[in-house]
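The chain below stands alone, shown as structure tokens; this is the form predicted on its own.
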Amino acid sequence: MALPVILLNCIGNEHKDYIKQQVQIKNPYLDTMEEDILYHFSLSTKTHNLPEMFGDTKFVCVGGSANRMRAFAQFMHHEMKLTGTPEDIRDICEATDRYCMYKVGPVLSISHGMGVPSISIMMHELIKLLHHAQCRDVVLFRLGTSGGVGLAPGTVVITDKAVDYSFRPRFEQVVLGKVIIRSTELDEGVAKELLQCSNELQNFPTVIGNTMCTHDFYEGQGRLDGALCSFSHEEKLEYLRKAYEAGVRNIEMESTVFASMCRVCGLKGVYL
């Protein structure tokens, strides 16, 4: 419950206009397309009026689990005292089983699955959706669980930088056989505002730190309980010690691509 409460407190405050422009896309070929199909959302520029459906969106909250993002949307619906009942909110992506999407007031709640490939697909279509809907002043939040490094269980980590396995703030994407490197620094202003919001609440320990993104849940995160394990317990602890010294405070599997795509497209993004 910590993340929704902190986020609600932040959304409820008077906000600055974070962005003074429409959501950007970095693909000149989209302008030449008669129809843009958002395959995994089951939406299209030809079959749906995207500005009417999504034009007032100000906050987008994404997380791995479909059930959690539905519960989050219901929580926001109740707390914002919207008309209707929270249980009746509709999954906009119900025609596909890839992701779920709920809209409650100016807030979109979307699932992204597990790992870089899954969230990457979702982010491509989400950014195009926000662009086609002519959205402005949008802030993206990623909410979810992670493995803490040197922190008490239950601590909320607001990501300063998303880093790779070598603790570098960058995302490597292979495009046509070539490695493209993109920066993964997130918005410092929104992160500090969230930290301030958390300080106004009780019982929600919150820190700002680096988040390490790995390629899998088991070996990549140094777990000893997978089907494969190529390292010793001592080697695991030494690696985690180096991670902590590099500023890493939690480990998960999606942060670098989220941060890099927000940065390239001029979106304010914050990772929790």
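Residues carry their position along the shown sequence, with the first being 1. Nothing here was measured: the structure is a model prediction, and the numbers come from that model.
The same protein also exists as the form predicted in complex with a further copy of the same chain; that form is not shown, yet it is the one meant from here on.
- In the predicted bound form, every residue of the candidate spot (Ser118, His124 and Gly220) has a heavy atom lying within 4.5 Å of a further copy of the same chain.
- Checking 45 to 53, 243 to 251, 203 to 211, 60 to 68 against a further copy of the same chain in the predicted bound form, the stretch whose residues place heavy atoms within 4.5 Å of it is 60 to 68.
- a further copy of the same chain in the predicted bound form is not approached by Asp88, whose heavy atoms all lie more than 4.5 angstroms from it.
- Heavy atoms of His78 never reach within 4.5 Å of a further copy of the same chain in the predicted bound form, leaving it off the interface.
- Although the partner is absent from this view, Gln134 stays clear of a further copy of the same chain in the predicted bound form, with no non-hydrogen atom inside 4.5 angstroms.
- For the chain shown alone, Gly177 is a contact residue for a further copy of the same chain in the predicted bound form, at least one non-hydrogen atom being within 4.5 angstroms.
- Interface residues of 129 to 150, taken as those with a heavy atom within 4.5 Å of a further copy of the same chain in the predicted bound form (partner not displayed), are limited to Thr145.
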